[in-house]
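What follows is a single chain, given as structure tokens, in the form predicted on its own.
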Amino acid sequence: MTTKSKLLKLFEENRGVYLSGGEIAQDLCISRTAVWKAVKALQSDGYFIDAARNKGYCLSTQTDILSEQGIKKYLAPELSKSDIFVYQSISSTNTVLREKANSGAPEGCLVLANEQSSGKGRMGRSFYSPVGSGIYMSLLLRPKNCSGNDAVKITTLAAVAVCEAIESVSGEKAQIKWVNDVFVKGKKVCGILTEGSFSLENGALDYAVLGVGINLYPPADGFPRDISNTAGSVFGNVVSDAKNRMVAAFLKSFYSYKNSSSPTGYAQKYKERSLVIGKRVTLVSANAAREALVTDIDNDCRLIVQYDDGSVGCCSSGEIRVRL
């Protein structure tokens, strides 16, 4: 661990508290000159660190920057052991994590970025990922004996975990537009994309890359015109350490359901947060679009619909349009 990383860990554990240069030097076993250089490096990275004569250095409580140290301080020991990589700007967290997965990265490896130049959305779309305003992360999973149908549950489980994280950190009610979009106050604030690698030998899932993008704040230049009417953000202004808290809350919730003895224990909570039950929707497939009424969501988080001719359908994947 570098001196800068060690100092950031110390600051994150003592937010709002002044630490003298001598105390820091003694704790980290470095010189006071090295402390000063590390502080300057963190300030260059955007951290608000006050330096006051006779008081020392203090990381502002209003700082909101993603970091491995900042996330892990909110995690239980068993989760904090996972590898966490935070990048300033990359093409796509899913792409980078797939490369790590193919090189043998273990389950739980997490890749985050402050900006994506080629963020991925469903159906080949892009996911708008401007610098500083969102949380863009991908989690590596290596489930055992997981089929393609079972893999779909990763996305729905993640949607519940995102809702619970948003509610925990912001106090805002979060809802789900089947199958993978999370809404707050009628606006989409999160998209989820799960990509997998399957074994040619038995058709089971070798690994899954769970990608989650959360719009935490409004972009500095606003949302692009094509999504400006539908996209929103969790907060209107910067909130102290919200990014690190949101990531940690998501991981806690996700793993609590993933490791539960009841594999469908989250399904009722998914259903309770549904935006579409009782609404007319358009089911979109590669070949057609069909109108239907959503009547229910079952324990596998499949959409139960009634078509205009009276017939009933069950959808486990795909896309819907609904007027909210």
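Counting begins at 1, following the sequence as shown. Please read these numbers as outputs of a predicted model, since none were measured by experiment.
One more form of this protein should be noted, the form predicted in complex with biotin, which is absent from this view; the next part is about it.
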query	finding
4.5 Å heavy atom contact, residue 205 to biotin in the predicted bound form	no
Proximity of residue 146 to biotin in the predicted bound form, heavy atoms at 4.5 Å	no
Close approach of residue 127 to biotin in the predicted bound form, 4.5 Å, heavy atom	yes
Contact label in the predicted bound form: residue 133 to biotin, heavy atom within 4.5 Å	no
Answer range among 206-214, 151-159, 250-258, 234-242 for contact with biotin, defined in the predicted bound form as heavy atoms within 4.5 Å	206-214
Answer option from 121, 224, 218, 106, heavy atom within 4.5 Å of biotin in the predicted bound form	121
Contacting member of 84, 75, 169, 193, with respect to biotin in the predicted bound form [4.5 Å, heavy atom]	193
Any residue of 80-101 that, in the predicted bound form, places a heavy atom within 4.5 Å of biotin	92, 93, 94
